[in-house]
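The chain below stands alone, shown as structure tokens; this is the form predicted on its own.
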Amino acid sequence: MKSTMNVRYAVIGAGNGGMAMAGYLALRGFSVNLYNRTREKLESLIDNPVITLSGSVEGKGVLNMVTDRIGEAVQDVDIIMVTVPATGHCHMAKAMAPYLRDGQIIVLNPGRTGGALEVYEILRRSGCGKSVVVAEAQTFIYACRATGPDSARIFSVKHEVALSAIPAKFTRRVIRLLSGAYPQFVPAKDVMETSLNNFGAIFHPAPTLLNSGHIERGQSFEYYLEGITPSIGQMLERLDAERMRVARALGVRAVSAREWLEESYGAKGDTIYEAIQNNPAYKGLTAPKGLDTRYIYEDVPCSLVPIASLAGYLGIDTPAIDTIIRLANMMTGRNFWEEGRTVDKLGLKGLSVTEMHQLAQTGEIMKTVVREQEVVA
């Protein structure tokens, strides 16, 4: 069996999360290839492939390869850690498809809502006949920011992050292979569970939109500790209740946002607002510099829209979620209902709840069966 310390990684995306993850993996001694579609962002790392980390994790990680060629990045690696915004999952899946090989594992960090389902289906439609497992993390393992072209700050590391794979029978094997770097990953039942316990849907779009005046004026403030006030906390409570209602209708074990804050950070409170104020891990995390942020352009179409689409499919009203989506549409001039992940785009249209879980568990409804013996062991 392959040693967990000999796993070779590719990190796809050199943004906040990708820089932190690539630097951390390299610092731990793993072979890491870092890919970014835009070469200009990589220039300093191409010249000197070292990422300097500060904060909760400190040190320098030396990368194996830095490239803007996706084929180079994914060749001969065992695990492909995708850190690009969820809106880029479709593009990345299409770009990677010709270069994948049997036994590789793709992990979406995170998948948001429906990410693994979307990528799994795209690989099939792209004619990728390789035996590849697609997994998704429920959330990103770090609170972090890139601090320069070759540096990143990790503010905190989550205590526990749920992960599941398609097919779900490979989840524990994926977690074992990741454990040398990330013992925090724990198995979820299937990707329906990781998708519906997507807390970016709760903590990102609404506070950003409701603080838009401060953000557009360029006013610096702490996103969570100052941006989430008692009244905004009330809105988050409503969004969270609707998410949990949809999850329960799908037979998914729903964790409340308050429970997740306690499990992930040890932050307690009688309300979401109180738990956030009691979370020291959020100290120092400032608000986006503008409204052109993934908190809107990723989390509305790839987190809120699929939850609302599933709710409509199941006959569940989601007035709070619908309000935030409409507000995002009006403030950006975009139509996230059309752009976002829907039941149809995720390949779930026409399926019963039982069949949705069958798809997540086996992948067989998509007529693509992964051969267990070909997955990295």
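The numbering used is simple: start at 1 and walk along the sequence shown. Quick caveat, the model's predicted, so the values are computed rather than measured. Think of the rigid core as the biggest set of C-alphas that the two forms share within 1.5 Å after superposition.
One more form of this protein should be noted, the form predicted in complex with another copy of the chain, which is absent from this view; the next part is about it.
**Q** Of Ser126, Ser179, Thr271, Ser212, which residue is found within 4.5 angstroms of another copy of the chain in the predicted bound form when only non-hydrogen atoms are counted?
**A** Contact check passes for Ser212.
**Q** Pick from Leu100, Val252, Met235, Ile154: which has a non-hydrogen atom within 4.5 Å of another copy of the chain in the predicted bound form?
**A** The option sitting close enough to the partner is Met235.
**Q** Should Arg326 be counted as a contact of another copy of the chain in the predicted bound form, where contact means heavy atoms within 4.5 Å?
**A** Yes - in the predicted bound form, heavy atoms of Arg326 and another copy of the chain come within 4.5 Å of each other.
**Q** Within 4.5 Å, heavy atoms only: does Val57 come near another copy of the chain in the predicted bound form?
**A** Outside the cut-off, so no.
**Q** Quick check on Asp76: any heavy atom within 4.5 Å of another copy of the chain in the predicted bound form?
**A** Asp76: no, not in contact with another copy of the chain in the predicted bound form.
**Q** Any of the heavy atoms of Ile316 lying within 4.5 Å of another copy of the chain in the predicted bound form?
**A** No, Ile316 stays farther than 4.5 Å from another copy of the chain in the predicted bound form.
**Q** Out of 159-167, 83-91, 227-235, 128-136, where are the residues with a heavy atom within 4.5 Å of another copy of the chain in the predicted bound form?
**A** Flagged stretch: 227-235.
**Q** Do heavy atoms from each of Phe221, Leu291 and Gly333 fall within 4.5 Å of another copy of the chain in the predicted bound form?
**A** Heavy-atom distance to another copy of the chain in the predicted bound form: all three under 4.5 Å.
**Q** Against the rigid core, is the Cα displacement of Tyr273 between this form and the one not shown at least 2 Å?
**A** Indeed, Tyr273 is displaced by 2 Å or more.
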